[in-house]
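Take a look at this one chain, the form predicted alone, written out in structure tokens.
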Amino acid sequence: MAIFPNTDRRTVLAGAGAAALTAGLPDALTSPARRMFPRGFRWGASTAGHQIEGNDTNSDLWLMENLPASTYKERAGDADDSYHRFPDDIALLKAIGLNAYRFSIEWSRIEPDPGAFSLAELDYYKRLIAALRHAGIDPVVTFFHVAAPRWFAEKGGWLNQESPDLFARYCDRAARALGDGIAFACTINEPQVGLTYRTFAPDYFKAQDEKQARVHAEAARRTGSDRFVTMDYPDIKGMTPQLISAHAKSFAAIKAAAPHVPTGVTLNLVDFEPGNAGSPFRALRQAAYGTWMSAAKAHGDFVGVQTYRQVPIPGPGAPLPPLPTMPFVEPKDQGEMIKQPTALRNMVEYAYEQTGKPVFVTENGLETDDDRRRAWYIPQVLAGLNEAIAKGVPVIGYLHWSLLDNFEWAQGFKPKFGLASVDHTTFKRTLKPSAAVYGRIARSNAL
């Protein structure tokens, strides 16, 4: 998932079997007056290379996961072995009835050493893209999703003043090799997520940042570098100017190599809402998102919205109504109560208001071991998205996070976001009942 890697937040069914799983669905799916989505709407799922491919050994995070003082609960290891089993993943997409798939190409595989590009790895991603096209599925390609080459971190990562040019060089090479098959391109995944969380919860991150500084210092010592900087590094403010420049330069590079490919940045947008009268939630939104909204507006054909949570922000006035209750959730469990389905609608409308760009929901989903919750959540969140579209927001599509239960960064394999589970001994994929719920909506393009 596109969560900040070190926070606490976050086979095939067919025929009669899938039909049986849709029994007793919410009324929104069975009402004769169905709510349609636009013609050509993309229905899909999202993943990220480091989280599903396995053995991303040239990456900065592979080193971080394997340090004795690692902040990761476990190692990615083989992950879901999607590097070797992507045909199985495409079969899942087809079985659900989806027409788009967002995945990342891994910079550390394509450019394992500075300026040395692997033709074999580029050919691998060509085969994946061709297989998706053959299956009638649009490839939505993310060029950077958290994990970077180890050499890049050794050069100071996104604190390095040369990092935007280094990233643009890689994007140029990859887009020239792969651009003919790409349907949509995402430059950088959630480049501001660390800034967002430190904006509204700075005290929470103080102790964590101190630990991260120590672990990164150990990585620098082990690699013999002056500094070793990953996306976990505490100085997100220092990284932000380079990340903004990298987005602008990579957007230009991708468009020069593949002018036909709509390209944008994906942003993690927590839905800050008022908890009391006089809440400063709008000021918090501006502080957390304003810089990146401007960047998305200046350099992008669309803005990718990735929303999971709704957080009430206190104010000096009287309390406002509490968050609505949800099935299978105890109201006292605020960690679960903030996973409100209305959050996505609110942030889709906000992103369009701020940028004027078409919106692509590049991630949204629910972390839960109880798939009944996911089966309830999907129609609810899509009803809200349909409302935003009815208000005039141009929405390209909806990509559910995630296709598979996968490696969720510092939390390891425990968090479950997938439409399919994965047996990490056999790597067998098994679709969950929620996949049938989602598939019925996608196939009919309607609620």
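Quick note: we count residues from 1 along the sequence shown, nothing fancier. This structure is a prediction, so every number in the text was calculated from the model and none was measured.
Omitted from view is the form predicted in complex with a small molecule, to which the following refers.
Undergrad: Can you pick the one in Y308, W292, Y101, F143 that has a heavy atom within 4.5 Å of the small molecule in the model of the complex?
TA: Contact check passes for Y308.
Undergrad: Thinking of S59, W107 and S163 as the candidate spot, does the small molecule come within 4.5 Å of a heavy atom on all of them in the model of the complex?
TA: Looking in the model of the complex, the three residues S59, W107 and S163 all stay beyond 4.5 Å of the small molecule (heavy atoms).
Undergrad: Okay, which stretch from 375-383, 66-74, 37-45, 401-409 lines the small molecule in the model of the complex, with non-hydrogen atoms inside 4.5 Å?
TA: Going by heavy atoms within 4.5 Å, the stretch is 401-409.
Undergrad: Using heavy atoms and a 4.5 Å limit, would one call T263 a contact residue for the small molecule in the model of the complex?
TA: Although the small molecule is absent here, T263 would stay clear of it in the model of the complex, with no heavy atoms inside 4.5 Å.
Undergrad: Can you tell me whether E363 touches the small molecule? I mean in the model of the complex, with a 4.5 angstroms heavy atom cut-off.
TA: Contact check for E363: yes, within 4.5 Å of the small molecule in the model of the complex.
Undergrad: Counting only non-hydrogen atoms and a 4.5 angstroms cut-off, does E111 reach the small molecule in the model of the complex?
TA: No, no contact at 4.5 Å.
Undergrad: Please run the contact check for T187 against the small molecule in the model of the complex: heavy atoms, 4.5 angstroms, yes or no?
TA: Residue-level check for T187: no, no contact with the small molecule.
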